[in-house]
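Below sits a lone chain in structure tokens, taken as the form predicted alone.
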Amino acid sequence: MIYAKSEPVEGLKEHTDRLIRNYENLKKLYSDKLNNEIMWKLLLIAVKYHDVGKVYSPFQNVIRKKIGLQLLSEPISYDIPHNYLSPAFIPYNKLNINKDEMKILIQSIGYHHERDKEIDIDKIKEIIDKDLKKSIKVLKTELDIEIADKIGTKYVSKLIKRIKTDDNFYYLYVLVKGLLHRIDHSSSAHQDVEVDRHKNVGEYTLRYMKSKKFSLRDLQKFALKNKDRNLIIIASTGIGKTESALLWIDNDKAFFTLPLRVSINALFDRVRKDIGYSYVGLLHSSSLDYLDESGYENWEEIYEQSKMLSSKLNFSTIDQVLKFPFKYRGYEKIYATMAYSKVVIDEIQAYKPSIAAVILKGLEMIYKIGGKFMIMTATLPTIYIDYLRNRGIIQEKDLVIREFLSSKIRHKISVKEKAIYEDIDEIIEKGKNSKVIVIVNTVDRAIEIYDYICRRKGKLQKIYLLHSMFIQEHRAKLEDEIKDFAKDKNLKGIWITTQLVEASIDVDFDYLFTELSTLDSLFQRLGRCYRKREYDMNEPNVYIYTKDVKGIGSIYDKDIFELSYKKIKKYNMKKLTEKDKVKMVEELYSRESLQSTEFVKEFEKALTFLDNIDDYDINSKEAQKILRDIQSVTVVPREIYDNIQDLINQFKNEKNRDKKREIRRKIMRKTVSIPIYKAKGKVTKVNIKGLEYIGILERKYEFDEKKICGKGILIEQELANIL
């Protein structure tokens, strides 16, 4: 028998038949979206011949050695990948395809594994002459496919110069190669390449809304009516954007993206549990942990289907699905999937300019290959729309831009020409009888304000601190606590936090005290105060502080901050409408306004890079790293690390892979990501295999698990000073 795999043992015919079944499944389910006869023809040939090169004796011996069989004699033993050899066996003269299609076929098979291995035609010729030719007979006997009677190296010339974006048949190549990747990976994992094709999330959403006696809002009617077009929706918070997106997706395969994992998890739960649509996947760096810890019975199945992109609807971070603009080796897998999918980008304003450039480049590519997209946002920088217009993507027949703004007045603002710490007494007074949220620009400032208030709190009921420098376990508790606090009408008090809450936590407070940030960020903060309620009082419910503001020049662009200040101060002691907010952001982020700012430079630099990137220059992990914008390190505070020594020892001694993974997840809950510059000189390495990427932070950490409060990492307090 010719073997294809060792774990589990699988013959080449069995493996190929599995791929053919997945091919037929994909064609049956999505040929209405991928209506391209020659693509399906080439894909079927690629599926049948992709692994025939595994008949090469050294490859067979690798498997035979693993499963304890006698080794074959090796007339030659060059290290040449099987995918470079497979095209040799195709009977090209019987396929009725032209030269371009032949090249597509040869490269789709030749690069269905992306290896850093040069193609050596002399070695391939030797392999064919001394090893492969003698295998023709056995291949004809074992496989139900036609094998060429005479094989040679003629195909290699079409393998060497890779097909790239400027080739006329580029998109056909992307589809054949990308879908071969999908089918091969799913079949190797013994899974269906696509599932639940006919489970319509639009119908489930309508049924859910009917059961709750919700009538369709204007935005939702619009999304339903325009489900065959690309949409850009600018809408106020609390206006039903999520349901609108689900109605727009309707019966299509889709990827729904958000900036933060906590928001994605919440949406995943909501769609499964509230709307009752269980045909959803979850895809981000810790989705496996979340699914397991949340008690989903079929968590492994959900995870595997998500990983294979098989789920009908996938909730994801952008680093998982929008990395194809980097054209890394193997990017065709995701890009081809986009050809028959819809993509929702929620909260695009939350991404930094360089990441927004990747998203917009991705949308341009999706548009060109036939997929559809929807952008949902409360505020959209004008230069993003300019980009889509300049690239020819905004055309009336294809794309609609529409605003859906609430007519409710929710905020009256006071612009204070002082620092936020100068008004501690006023914040405390408000907190005694109301729910108050304080949002500042840095963790250091949040801790400073927390200390001020704790020293002078008097009869204040509750005071909490929430920022990004708590370990995962404690941050999750705090996020639950702030939501419970906001919901409980009887509780009064103060939450001090950072921009962490801008897009991730759905809460509603009575008063907001905030440092000024850029306008897009500021208006997200306003969304945590009088989120849906109308405000009709004379006194302000939002206080904006403009002096001694932290994070300017580091977190927020200095030029945009200054421009934001000039605009917002005109509204001092005035009520803000939703139109006011959108208009201010439009003006602020216009090209004229931003000329020569770091924001525009970063955005354009990223676009120039993406427009000129060499295909296959980087790999998938490198592309993902850029998108994640990794400028942080993962650490366990020393006091926590010393308290989990039993867990660390269990990890070191555990031999079972699944149990070891479970212990690692428990350890990860004790970690926190902190900026590299803050960690410098304060971290000790963990020299334990499997935990090398974690460091021990030699700084104090404070959290009371019973009271669910504390300060988190105190980065300036060395342990020696506390002892």
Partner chain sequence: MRVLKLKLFQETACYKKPFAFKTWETHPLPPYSTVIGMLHSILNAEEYISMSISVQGNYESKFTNFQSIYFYKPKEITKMPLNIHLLYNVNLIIHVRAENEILEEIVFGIKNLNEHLSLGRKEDLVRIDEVKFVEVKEIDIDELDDGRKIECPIYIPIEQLPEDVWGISYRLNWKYKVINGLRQWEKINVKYVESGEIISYDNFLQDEEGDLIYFNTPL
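Since we're looking at a predicted model, the values are computed, not measured. Numbering follows the first chain given and starts at 1.
From this point on, the text means the form predicted together with its partner chain, which you will not see here.
When contacts are defined as a non-hydrogen atom within 4.5 Å, none of 638, 701 and 707 contacts its partner chain in the predicted complex.
Stretch 94-102 is the contacting one of 324-332, 582-590, 94-102, 425-433, since its residues have non-hydrogen atoms within 4.5 Å of its partner chain in the predicted complex. Put simply, of 608, 461, 649, 157 only one has a heavy atom within 4.5 Å of its partner chain in the predicted complex, and it is 157. The partner is absent here; in the predicted complex, the one residue of 210, 569, 140, 125 having a heavy atom within 4.5 Å of its partner chain is 125.
At least one heavy atom of residue 121 is located within 4.5 Å of its partner chain in the predicted complex. Looking at residue 133, you'd find a heavy atom of it within 4.5 angstroms of its partner chain in the predicted complex. Contact check for residue 153: a heavy atom falls within 4.5 Å of its partner chain in the predicted complex. In the predicted complex, its partner chain stays beyond 4.5 Å of every heavy atom belonging to residue 366. Counting a residue when any of its non-hydrogen atoms is within 4.5 Å of its partner chain in the predicted complex, the one hit in 105-120 is 106.
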